[in-house]
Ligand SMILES: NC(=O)c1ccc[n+]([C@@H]2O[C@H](COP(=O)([O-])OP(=O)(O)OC[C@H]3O[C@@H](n4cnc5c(N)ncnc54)[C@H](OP(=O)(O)O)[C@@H]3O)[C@@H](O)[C@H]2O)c1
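Here's a solo chain for you in C-alpha cells, the form predicted on its own.
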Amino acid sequence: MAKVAFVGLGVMGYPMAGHLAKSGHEVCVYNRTVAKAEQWVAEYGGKYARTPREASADAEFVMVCVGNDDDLRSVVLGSDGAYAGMRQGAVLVDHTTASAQVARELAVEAATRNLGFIDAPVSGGQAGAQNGALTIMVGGDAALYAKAEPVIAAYARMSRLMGEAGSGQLTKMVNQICIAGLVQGLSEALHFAQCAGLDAEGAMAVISKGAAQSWQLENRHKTMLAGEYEHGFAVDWMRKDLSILLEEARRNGAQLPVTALVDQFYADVQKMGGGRWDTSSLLARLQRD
C-alpha cells in the first residue's frame, strides 16, 4: 500500500480519494474548502492538510483533480504547491481535464525537480467515480505509468497509456468530441420521434438493439424524455472542455464543424439557465419553442 495525497475533493475527487482509502492506501487530502476535507476524513479516515504542499509531504503519489489549467497550476506550482512538498522520485498524477499544453509544462517542471508527472484525465462521470469504474487516459513516461497504475486501479475500470505527456489530455478531447455529437444526435432523434407522434421510449427500445446503440442512449433517453437534467455532467463543464479542445484543434489544424456547432448549442442552454444541467439537456433547447 502507498502513501497518497489527493488534492481536490469535488464531485469526482471526493469518491476517488475514498476508493484509495478503502483500498488500504494511506491518504492525506487537501481541498480549498476545509469543511469538505474534514467531511472526507470523518467518512473515510486518513487526514487532511491545509496546503497542497503539506498534503504532498512524504507522499509517494499525489493525485490532483481540480477545475482547469489555472486551478491546476495554483495547486501544483508555487511555494505552497504540491511540487514544493513532494520528495524526489514521487509521482504526480493529474486527473484534471485540462490542456495538453499545461500537461507538458508540468511534466518538464517535474523533471527539473526529479519528480514524475503523468496526465490522466478521466471519463465516466460522477457515477463512474462513485462506483470506482472510471476510464482513464494517460500521457507520460511508461515507467511512471507502470509505477502509478496499481494505485490508479482503485477507481479505474480501464486505464491505458496513450503516449508522451499531454497524450492523455488529447485522448480526453477525442472522448468529448464523440460525446458532443452523440448527445446532439440523440436529442434530435427524440425530438423527431415526439414531433412524429411516435412512442419515443419505444423507439429507443427498438433502435438500442441495433447500430444506433450508445451509452448516451441507454443511460439518458428516459431522463431526457422526462425533462430531468439535475444530474450528471454539467453543461458549464462541457463548455470548458469544448473550449480547450477547439483551441487545440485551431493549433493542430483539425476540422471540427459539428463539435463547434454543438458548443454553440450548449451556449444556448446556458442562456436558458441550464449551466448546471446535464449535457443531455440539448433536448430542452429543441423543445423550447
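The numbering used is simple: start at 1 and walk along the sequence shown. Keep in mind the model is a prediction, meaning the values are calculated, not measured.
Unshown form predicted together with the named molecule; subsequent notes refer to it.
K.L.:
Spell it out for me: taking the named molecule in the predicted complex, does every residue among 185, 264 and 288 have a heavy atom no farther than 4.5 Å from it?
P.N.:
No residue of the spot touches the named molecule in the predicted complex.
K.L.:
So the named molecule isn't shown here. In the predicted complex, which residue out of 194, 101, 214, 126 has a non-hydrogen atom within 4.5 Å of it?
P.N.:
None of the other options qualify; the answer is 126.
K.L.:
May I ask you to check whether residue 241 falls inside a 4.5 Å heavy atom distance of the named molecule in the predicted complex?
P.N.:
It does: once the named molecule is placed as it appears in the predicted complex, residue 241 has a heavy atom within 4.5 Å of it.
K.L.:
So, residue 11 and the named molecule: in the predicted complex, are they within 4.5 Å at any heavy atom pair?
P.N.:
Residue-level check for residue 11: yes, a contact with the named molecule.
K.L.:
Taking any heavy atom pair closer than or equal to 4.5 Å as contact, tell me whether residue 36 reaches the named molecule in the predicted complex.
P.N.:
Yes, residue 36 is a contact residue.
K.L.:
Would residue 222 sit within 4.5 Å of the named molecule in the predicted complex, counting heavy atoms only?
P.N.:
It does not: once the named molecule is placed as it appears in the predicted complex, residue 222 has no heavy atom within 4.5 Å of it.
K.L.:
For the chain seen here without its partner, which of 250-258, 55-63, 39-47, 232-240 has a heavy atom within 4.5 Å of the named molecule in the predicted complex?
P.N.:
Selected range: 232-240.
K.L.:
With the partner left out here, which residues of 135-174 have a non-hydrogen atom within 4.5 Å of the named molecule in the predicted complex?
P.N.:
Stretch hits: a single one, 172.
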